[in-house]
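There is one chain below, alone, in structure tokens, taken in the form predicted alone.
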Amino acid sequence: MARVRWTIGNWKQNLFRGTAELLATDIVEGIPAELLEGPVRTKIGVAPTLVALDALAPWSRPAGPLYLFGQNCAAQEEGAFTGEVGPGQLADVGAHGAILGHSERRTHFREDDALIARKVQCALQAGLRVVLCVGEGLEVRESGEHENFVISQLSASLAEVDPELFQDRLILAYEPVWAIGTGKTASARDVGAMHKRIRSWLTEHHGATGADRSILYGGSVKPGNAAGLMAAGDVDGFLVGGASLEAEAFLQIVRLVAEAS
């Protein structure tokens, strides 16, 4: 089974409903027609703020080309959890999936692997896609323990997940925290080596179902470095931050992902 390529824009805590609608319009109008015809291995997603999700429904699948993602999701479906939003509630406003384990959630909001594992299980059980993020900081990278660290995150974050839920709905994203907004750069060799290690672990523990999971890269992706990163090996697309807030930059990345051999 051919792995699906993804380009997903994470808009983070940016844009109001109106500007989110304008950006979505510009992206949809600029998507190459060939990507919208026939069986497509390349999928395009955006993750706006929660309050803008329903505003983007006119451009979302199946009527439109975009898959919508929440930037977070609760570890439970519903209940007395003030401030939380469950997977069913995300789906109710048009979301197809959720980004979980992002480095900013781990760092700023102290989310640990145990919590992330519960979130992943809950979201998958509810029928959502999940983009599970893993990645190491600079201290871990410089210690040489980066591969062990990332595999530990991956293993712990999937500890409570029924492997039968992986099929078609679990997406991995490697984001080296040390290369995001620090002036340091992850080389294609760095990225390829980590993606290869992640895929090896998935194959070892989950067979063909694990081997077929899409693994995205999410470290300061721009039009200027996207082609080189796609050529690194085992890179199935990108989780794009700042560049996804500019329609033309995001569309350039979409095209590069679609055209990569």
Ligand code: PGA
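Everything numeric here is computed off the predicted structure, so don't read it as measured data. All residue numbers refer to positions in the sequence shown, first residue = 1.
Another form exists, predicted in complex with 2-phosphoglycolic acid (PGA); not displayed. Remarks below refer to it.
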Of 73 to 81, 186 to 194, 100 to 108, 148 to 156, which is the one stretch near 2-phosphoglycolic acid (PGA) in the predicted complex, taking non-hydrogen atoms within 4.5 angstroms as near? 100 to 108
Can any non-hydrogen atom of V93 be found within 4.5 angstroms of 2-phosphoglycolic acid (PGA) in the predicted complex? no
Answer with yes or no whether C122 is in contact with 2-phosphoglycolic acid (PGA) in the predicted complex, where contact means some heavy atom within 4.5 Å. no
Spell out, yes or no, whether the shortest heavy atom distance between K12 and 2-phosphoglycolic acid (PGA) in the predicted complex is within 4.5 Å. yes
4.5 Å heavy atom contact, P163 and 2-phosphoglycolic acid (PGA) in the predicted complex: no
So which residues in 198 to 220, when you check 2-phosphoglycolic acid (PGA) in the predicted complex, have a heavy atom no farther than 4.5 Å from it? G219, S220
